[in-house]
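Single chain ahead, by itself, as structure tokens, in the form predicted alone.
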């Protein structure tokens, strides 16, 4: 099983990352003191389309590998043969850039009641960056793989576990051939170590766990990774078949070699018994106002609400805003860059009145799936979906309820500053 004991190096690593990111992030509580995690320090990160590296969340389980790019090799196994160096990637293949909204599958875990274990994220673990590197399809086609044929690509990370587990994740080969890249740069800069230097898999629109850091093996297979599937010691399937699965408390997920439905929400609706966390569920966050300080109205009494909304592989169709705690809703305007797999900006011109207000945002995707209001009680499980609730689950994964992300705003009249 996965080792969940404390890591001696964790606190020093977090402190170093926070220092490098110059205050754009802050540490987030991890019950087992096992994971290194930092999230966006301020809500206004979610009022901008591009997330600076300094504000991009970080989550990893094991110590960052120390090897540099000139000593790094990627093994090609299974249906592939050979190795690739970072120099090979840079010199022998085309370079592309993709916009990708990275969201930790545990984002919102800290909003579950009763609380689940591990990292107690609120909404801090979401960010959008430009990632540059080599299209995975270029590598696969160069090695004779040009059709998905219902196969899978298993990607192994080079971080050394303090237990017996190997960090391996499988994604459908169809997705890998479509838009995935092996990234060498982030926002035009060399990939930072904590973000996967020297090479990271980027799976646009899919939860962060699929975006394997420190890639050291690519393997084409007929199934997802299962126990004993890799030519190496240790436990191979923990991070695919056990962790990052959505299920009620006390349930041990069954191993599947393959699944027909990879859409996370479709799985939640019943397509898979214990769903996998692949593409991100529809989600939104208000960036400003941030609720940290009162708003003094201008003479026209208008406050502009800004935020971001995303929906994994699917497009965001609509964002609604409530300024009265969910009693009434009004459409916001979507604007700005529109890339598949990346969030959209929204804004709403609010004719505000003085007083205390609770603001919510809720997004709807192109398949007419809307964020639910709350996270359910544990015993509701999938029945929660019919009651405008997201199912409480033991791992706290893939939550997208809007109420926990609301912001309380104190609005003061235009002349209030004169009376202070």
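Positions refer to the first chain, counted from 1. What you are looking at is a predicted structure, and each value in this text was computed from that prediction instead of being measured.
Absent from the display: the form predicted together with a small molecule. The rest refers to it.
Residues 74, 137 and 219 are none of them found to lie within 4.5 Å of the small molecule in the predicted bound form, as judged by heavy atom distances. When contacts are judged by a 4.5 Å heavy atom cut-off, residue 205 does not count as touching the small molecule in the predicted bound form. In the predicted bound form, none of the heavy atoms of residue 374 sits within 4.5 Å of a heavy atom of the small molecule. Although the partner is absent from this view, residue 369 stays clear of the small molecule in the predicted bound form, with no non-hydrogen atom inside 4.5 angstroms. Among heavy atoms of residue 209, some come within 4.5 Å of the small molecule in the predicted bound form. The listed set 317, 162, 159, 320 contains one residue whose heavy atoms approach the small molecule in the predicted bound form to within 4.5 Å, identified as 159. Interface residue among 173, 145, 238, 104 relative to the small molecule in the predicted bound form, by the heavy atom within 4.5 Å criterion: 104. Screening 59-67, 355-363, 384-392, 24-32 for residues having heavy atoms within 4.5 Å of the small molecule in the predicted bound form returns a single hit, 59-67.
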